[in-house]
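Quick setup: one chain, the form predicted alone, written in structure tokens, and binding and motion questions come after.
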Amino acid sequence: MDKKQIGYKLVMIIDKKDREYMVQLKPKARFSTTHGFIEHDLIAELFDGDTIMSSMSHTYRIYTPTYINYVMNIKRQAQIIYPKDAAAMLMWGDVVAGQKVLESGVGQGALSIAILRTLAGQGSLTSYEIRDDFAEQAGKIIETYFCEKVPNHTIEIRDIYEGIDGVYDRVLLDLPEPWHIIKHFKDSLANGGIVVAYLPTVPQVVKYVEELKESGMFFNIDTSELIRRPWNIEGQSVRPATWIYNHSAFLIVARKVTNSF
């Protein structure tokens, strides 16, 4: 497969020591380090994976950033949902192209990007966010990633605890008290639809799962956490990395039923 030309978009610039710099390319701008500068216009003419030399003859490689590159380099004002958890939410939530998806809250937009990538322009994502500043920042972060405003995505400034407009196939929640929303699922979650909640503490999980069961609307209620353990492999030295992506949150998945047995 032919490599794609970079153009004026977001890129990862990597030096020989594997140091990474995420840069938004702009006409007539420069990428500058202690090892010289590179004109953005020259980078834009490259193809994904090409190399280029700075004004001081230091070599850099240019890549289109991956999803993980991008979200892990976001300048954060709010905690993001980490890629290991976002991937699980999409898989256990069975999110596929063509669905009508609702999420709340938006935070930095990391999960929004993951959902929109999965939808691939088919179906729609509606994001509820109570904070104006988070909604505005997330909108910019999402637009920067896709290099355009995504037509099948809408961010609404509203409190999901007060209600949901429309009927959705999937609902993904990153809220402190999701049990207050369960009553809204009677009319706003399609029969057979799935809701996935992201909760950091055991008391929250217990309260939410008990309320799901008491509602009589859900089955296949599953609670789990994911731990990622990287390993370092250097010749015969093979050992777990010092940094372990330990507990970030519990994922609670439930499916709506028309009638209980």
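Throughout, we count residues from 1 along the sequence that is shown. Only a predicted model underlies this, so the values are computations on that prediction, with no experimental measurement involved.
Same protein, other form: the form predicted together with a small molecule, not shown, and the subject of what follows.
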Would you please decide whether residue 145 lies within 4.5 angstroms of the small molecule in the model of the complex, comparing each non-hydrogen atom pair? no
Looking at the partner-bound form in the model of the complex, is residue 134 within 4.5 Å of the small molecule by any heavy atom? yes
Answer for residue 165 alone: is it within 4.5 Å of the small molecule in the model of the complex, judged on heavy atom distances? no
Touches the small molecule in the model of the complex: residue 98 (any heavy atom, 4.5 Å): no
Only one of 118-126, 75-83, 183-191, 146-154 has heavy atoms within 4.5 Å of the small molecule in the model of the complex; I'd like to know which. 75-83
